[in-house]
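Okay, so here's just one chain, in structure tokens, the form predicted on its own.
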């Protein structure tokens, strides 16, 4: 079965989608990615969709599901490289992708994840200090 590689980069997981996702591959990616978040205790997931030229409502829901599941498991999700046509299609389909942060490219996405982790650590310190 075809799989999309998931790379660990420090506290983050990086997924680069280089092919158009058909339903079974999208579901496999969703399952593999959430299992990797659990296994590696990743704090962030970066999904590069710069090679994706077409998206449908199913793919949009998968991205939203990944973000929701990752958030429950204490990991932020950033989607990078979205083509204008993909963004237009998502809006026309009424998919807001709540919980999904976006950036223009991988570099900006990584910086966004680093900032998110910094905010989480500060929030956790403040929470811990309030119990002392």
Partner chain sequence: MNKESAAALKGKKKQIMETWMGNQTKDAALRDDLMSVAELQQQSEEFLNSLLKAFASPQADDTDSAGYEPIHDILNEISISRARQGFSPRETSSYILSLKEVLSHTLEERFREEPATLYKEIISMNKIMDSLSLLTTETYIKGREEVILRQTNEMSEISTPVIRVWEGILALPIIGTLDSARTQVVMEALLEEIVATGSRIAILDISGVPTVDSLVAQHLIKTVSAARLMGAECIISGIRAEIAQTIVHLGIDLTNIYTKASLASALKMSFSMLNIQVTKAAPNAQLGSKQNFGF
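Residue numbers count along the first chain shown, from 1. Every value quoted in this text rests on a predicted model; they were computed, and no experiment measured them.
Keep in mind that the form predicted together with the partner chain is not shown, yet the notes after this line are about it.
**Q** Since only the chain is shown here, I'm wondering whether residue 18 would be in contact with the partner chain in the predicted bound form (any heavy atom pair within 4.5 Å).
**A** Because no heavy atom of residue 18 falls inside 4.5 Å of the partner chain in the predicted bound form, the answer is no.
**Q** Do residue 23 and the partner chain come within 4.5 Å of each other in the predicted bound form, heavy atoms counted?
**A** It does not: once the partner chain is placed as it appears in the predicted bound form, residue 23 has no heavy atom within 4.5 Å of it.
**Q** Consider residue 91 of the chain shown here, and say whether it contacts the partner chain in the predicted bound form, taking contact as heavy atoms within 4.5 Å.
**A** Residue 91 belongs to the contact set for the partner chain.
**Q** Does the 4.5 Å heavy atom contact test between residue 103 and the partner chain in the predicted bound form come out positive?
**A** Yes, residue 103 sits close enough to the partner chain in the predicted bound form that at least one of its heavy atoms falls within 4.5 Å.
**Q** Does every residue of 84, 95 and 108 put a non-hydrogen atom within 4.5 angstroms of the partner chain in the predicted bound form?
**A** Answer is yes for this spot.
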